[in-house]
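First, one chain by itself: the form predicted alone, in structure tokens.
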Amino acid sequence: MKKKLLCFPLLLILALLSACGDEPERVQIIAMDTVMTFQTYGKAAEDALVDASAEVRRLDALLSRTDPESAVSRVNSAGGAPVEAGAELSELLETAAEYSRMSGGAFDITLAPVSSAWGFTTDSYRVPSQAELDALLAHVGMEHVHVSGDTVTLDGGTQIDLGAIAKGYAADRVLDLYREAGLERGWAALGGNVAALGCRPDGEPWEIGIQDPNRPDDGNAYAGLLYLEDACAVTSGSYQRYFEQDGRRYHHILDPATGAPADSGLLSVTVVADAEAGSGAMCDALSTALFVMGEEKALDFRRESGLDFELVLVTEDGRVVATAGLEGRFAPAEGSGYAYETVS
């Protein structure tokens, strides 16, 4: 059995240093099971980075499914009893429930036991039987999560995992801290999540490379380039984490309808939105949901949802599809071999 974990970020910030003499402050930490890098500029930059690192570690301790002391673990281990989870977790669960509702269940934080059955939580990979998946799916769905004020109750057999929204939420908090410190530019890279404040010191937008899903081990291979200013971008891809068994590949993005890896015809989904309140969490949740939906339904959702975001889809048949709202903010990667399309 072969297994594959993420070796490179899904979104890579290029041209990190400008030629303008405005030297950055930067810090790198490991949290939420990924490498995170924060960079910003200005007199308050150093203190802001200390605060950002501390905030992300706090959120990791609050939201981690694997930390037995976290609020999420206390909820999961309560055996159906109500838990005083606190306002922050309760509000994030309500946000997750709303994205689940809007996506018709394509985004679902209650897939935790199903993911564990595949071994994606423990890296002990296996292919569960359909009977096992069916038994677990009986407890999947946001209708099994009950939030009343700061109290959270899960139906018996249901567990939650906020991995598909927590890093986006953390990115929102980092930008909040930058702004509260009076900073005007900087960025945060949290795995496949990038949040950009302002522009580079030379006045140009931040240049972000979207990893080529067909060359995941090559940190210089891109499916396209994004140019961001006051914006968030999140990529979800089937190449992030997977294993192979009997000549077949199984990736970690599960379809809540089947309990199996989503077979949607997509290799990656990148969601881009202006850096406003909650946009990092939105991009994070939607990148997973739209991957599950597939190209046609994802584009229909963007047109009909009433949410303000743009998309870059990399398909299994060798296309990169970008929405028209990214005009001037997205460019093909030279020599990538993909066919590029723009859609409304």
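The first residue of the sequence shown is number 1, and the count goes up from there. Remember, it's a predicted structure, so these values are computed and weren't measured experimentally.
A second form of this protein, the form predicted together with ligand AMP, is not displayed here; the remarks below concern that form.
When contacts are defined as a non-hydrogen atom within 4.5 Å, none of Thr40, Val194 and Leu226 contacts ligand AMP in the model of the complex. Figure note: of the listed segments 195-203, 99-107, 149-157, 127-135, the one touching ligand AMP in the model of the complex, with heavy atoms no more than 4.5 Å away, is 99-107. Shown without its partner, this chain lists Ala48, Val292, Ala281, Leu63 as candidates; in the model of the complex, only Val292 has a non-hydrogen atom within 4.5 angstroms of ligand AMP. Put simply, of Ala85, Leu183, Leu267, Leu254 only one has a heavy atom within 4.5 Å of ligand AMP in the model of the complex, and it is Leu254. Heavy atoms of Leu111 reach within 4.5 Å of ligand AMP in the model of the complex, making it an interface residue. Not displayed here, ligand AMP is kept clear of Ser90 by more than 4.5 Å at the level of heavy atoms in the model of the complex. By the criterion of a heavy atom within 4.5 Å, Ala164 is counted among the residues contacting ligand AMP in the model of the complex. When contacts are judged by a 4.5 Å heavy atom cut-off, Ser115 counts as touching ligand AMP in the model of the complex. Contact annotation for 225-246: residues with any non-hydrogen atom within 4.5 angstroms of ligand AMP in the model of the complex are Ser236, Gln240, listed in sequence order.
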